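Shown next as structure tokens: one chain only, the form predicted alone.
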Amino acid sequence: MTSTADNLQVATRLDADVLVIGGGPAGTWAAITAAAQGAKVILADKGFCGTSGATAPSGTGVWYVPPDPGLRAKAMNSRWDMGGRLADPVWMRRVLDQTYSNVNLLSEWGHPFPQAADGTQIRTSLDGPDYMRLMRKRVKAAGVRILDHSPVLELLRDGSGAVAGAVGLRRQRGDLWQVQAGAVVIATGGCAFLSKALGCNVLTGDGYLMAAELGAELSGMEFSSAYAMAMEHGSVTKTRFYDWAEFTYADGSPIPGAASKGGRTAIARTLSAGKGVFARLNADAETQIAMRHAQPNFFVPLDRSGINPFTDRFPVTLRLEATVRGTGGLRLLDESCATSVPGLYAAGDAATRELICGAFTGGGSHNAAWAMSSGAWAGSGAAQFARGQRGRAAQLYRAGGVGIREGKGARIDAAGLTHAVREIVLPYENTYQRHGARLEASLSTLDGLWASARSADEASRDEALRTREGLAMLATARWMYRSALARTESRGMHKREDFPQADEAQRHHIISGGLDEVWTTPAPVAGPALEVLAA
């Protein structure tokens, strides 16, 4: 149903060349880059820009590799096979170049990189709080207007179908804002289904839903089964540290096959059986010091519990991080990070990372590199597009649908919907250990939830955000499972019990989209099938 934005009860109306949605690494890089090109930029963050999202409360590695051909080739090949050879070498080289440039820029801006014994800076990791504090400072210095605590509820379009802005909620005042913009960058992060992983409470797939309502396509949504290791009842997910772990049952006996890498299935099966999994880290004294220095927040809950992880066994669990550490997201059409919707760009975890990671997790260093690279490209692309839109006197139409439009049914029970989606998605046997029969059964339930929500009446202002979050998670789960059914093989993180082997005939991308009717279709990959990559 076509509806203009004229009748929205909006308290604040603004205009910009570029609207950036999301204030994490990708969004801030997009805003800075767009502003540097002369664009008038507004950045809207669901929380407080500089503190919300997965990066701000922790540290992260960065895929920072000096421009040495041998080092670059080694870096590219390190995940080439693990990613099922779905990555694109052209994009991998672009990201390595852009990341090298951006990290060096961070050093010029004053990021406090640690120093090696010889006095050189160690630029392969970033301290999250320092990094994002600096990025907020640079965004403001660039003249970007920041709307904190202002989640977007829906996008706006013009009569041609191009994106033309957004409408959101000012959470601290309870009213609506509207920005008319020549271009929009979606940098809203991935979707972790409120699994309690640190910093992921705002990552509910909002950008996917809003973009799909305008007809945007997604890619690689089957690569969304990433579970990260965490202390039981904890939220810090630093799986890398568990490379030093030995895993045991409660009685101290080893769990056969359990490991952080290549053995997580054994851990998932043990947890699914209702048995506890315990870890102890076996690291030498020098490594222990380095670990505490690199990721101090990993040790905070352990120290508070009186647990020495190097001498004591402690209970662990796996937390779903889905497309935050997976590689699925909005499909990109060209090097400017344009989506299939005119004027709409995507960056960071909101965009597919198959281009550099293929089917293997984009978590950690690659995600950080992707965020700053794709953010810069999306900001630049959006600024260029917006220049051609200046002076446009467009009628604005609402693109949002379910949950924020009048309907004949009752309002959606936001908490109930979120609970129902999580009941399906979080169990390991549905998302991590996949089987066609379980995927079909899950999809049947999810499709039924969507059909019920479709006729629901508009949510109250107080419940609008939670309702849209629940719907975004529901839509994300349906794209994930439909794509997982379409890939009848095991490749990368996508593991099918009924198709345990890789099938070379399926070395392609799976594109998905749609809301009422979710669809998938294969698309060819750009990379070579057999060659070892060269820088």
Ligand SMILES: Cc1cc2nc3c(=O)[nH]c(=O)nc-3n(C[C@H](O)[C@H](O)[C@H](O)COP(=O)(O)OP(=O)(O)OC[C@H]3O[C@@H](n4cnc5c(N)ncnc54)[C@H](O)[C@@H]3O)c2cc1C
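Worth saying up front: this structure is predicted, and the values here are computed from it rather than measured. For every residue, the number given is its place in the sequence shown, counted from 1.
The form predicted together with this ligand exists for this protein as well; it is not shown, and the discussion that follows is about that form.
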* Structure fact -> Superimposing the pocket C-alphas so that this ligand sits as it does in the predicted complex, and applying the rule of 3 or more atoms within 2.4 angstroms of backbone or C-beta atoms, the verdict is blocked
* Asked: Should the three residues 21, 26 and 362 be counted as contacting this ligand in the predicted complex, with contact defined as a heavy atom within 4.5 Å for each?
  -> yes
* To do: Just give me the single entry in 209, 200, 226, 383 that has a non-hydrogen atom within 4.5 angstroms of this ligand in the predicted complex.
  => 200
* Of 446, 279, 324, 425, the one that lies within 4.5 Å of this ligand in the predicted complex (heavy atoms) -> 324
* Can residue 483 be called a contact residue for this ligand in the predicted complex at 4.5 Å between heavy atoms? -> no
* To do: Give a yes/no on whether residue 238 approaches this ligand to within 4.5 Å in the predicted complex, heavy atoms considered.
  => yes
* To do: Answer yes if any heavy atom of residue 371 is within 4.5 Å of a heavy atom of this ligand in the predicted complex; otherwise answer no.
  => yes
* Taking the shortest heavy atom distance, is residue 52 within 4.5 Å of this ligand in the predicted complex? -> yes
* Looking at 26-34, 497-505, 475-483, 66-74, which lies within 4.5 angstroms of this ligand in the predicted complex, counting heavy atoms? -> 26-34
* **in the predicted complex: members of 44-66 within 4.5 Å of this ligand, any heavy atom** => 44, 45, 46, 47, 52, 53, 54, 55, 58, 59, 60, 61
